[in-house]
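Here you get one chain, nothing else, as structure tokens; it is the form predicted on its own.
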């Protein structure tokens, strides 16, 4: 039976610029790599991932009452996402992300939150009338909305999953508890713990430090090309990444965490769920774009079969 997953997070239009290299200060560079406007935002990328993996996804976010907002809503509806709880803001434009992608696939992202910053506890409370089986949060929205979602999940005893980006060292993590899976990337783990997860020992130290604030059943640190690190409070496992030619890393982390949650809720053990999430992320980085690079369930399973975990 499909799980109903409520995503409370951000939605943006992405302005993607492809270039050989980032210009130096004061330098003008003429590029031929091209540019495009595509749907994005951490929440939207994750919501699309859930939908393409076969979950019933409810998306709670805010868009501007503008052309970009109308375009994004139409895309979400085509993906089969429940858009009843997407609010429209009359005074603030739809969020915009400027994404600079270099030849090796490395990206740098500047986010203008726009209407995302107006997402309120009242918006979140209304979205909980959808009776979700799980709640999925990210940090590209106001603290008040994040903490409200965590409080409603706690009150209703709904499992909470957190993709911990972007990170801020003064965020009150302890107010999110309890958490089923807490998943930062390397940068976010360093910001929250003060420890750089550069090797297995430091990953363990960072996870233990995080456990002083978060009460998570699992902490999963996304390590990019090094794979993912799972810590359950006693033991740890390192699940290797799948090596593929990197085209564009945009949305890889969002897709990874959503896929991890999907396979975990499906009943897969954490090692298998994490490996399948690595496979989803590998497909994403091998393609151009954000939401357009996100695979279907059939694609993920076929990729995993062709690249078995050793």
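Positions refer to the first chain, counted from 1. As the structure is a computational prediction, the values presented were derived from the model and not from experiment.
What follows is about the form predicted together with a small molecule, which we do not show.
S.K.: Is residue 185 close enough to the small molecule in the predicted complex to count, meaning some heavy atom within 4.5 Å?
M.R.: The answer is yes: residue 185 has a heavy atom within 4.5 Å of the small molecule.
S.K.: Do residue 249 and the small molecule share at least one heavy atom pair within 4.5 Å in the predicted complex?
M.R.: Heavy-atom contact with the small molecule at 4.5 Å: present for residue 249.
S.K.: Please tell me whether any heavy atom belonging to residue 265 falls inside 4.5 Å of a heavy atom of the small molecule, as the geometry stands in the predicted complex.
M.R.: Heavy-atom contact with the small molecule at 4.5 Å: absent for residue 265.
S.K.: Looking in the predicted complex, any heavy atom of residue 281 within 4.5 Å of the small molecule?
M.R.: Result yes; residue 281 sits at the interface with the small molecule in the predicted complex.
S.K.: Which pick from 213, 92, 120, 107 sits with a heavy atom within 4.5 Å of the small molecule in the predicted complex?
M.R.: Looking at 213, 92, 120, 107 one by one, just 107 meets the 4.5 Å heavy-atom criterion.
S.K.: Since exactly one of 227, 113, 159, 80 fits, which has a heavy atom within 4.5 Å of the small molecule in the predicted complex?
M.R.: Only one option qualifies, and that one is 227.
S.K.: I need the one stretch from 50 to 58, 273 to 281, 66 to 74, 28 to 36 whose residues put non-hydrogen atoms within 4.5 angstroms of the small molecule in the predicted complex.
M.R.: It is 273 to 281 that comes within 4.5 Å of the partner.
S.K.: Does the small molecule come within 4.5 Å of a heavy atom in each of 62, 127 and 149 in the predicted complex?
M.R.: Answer is no for this spot.
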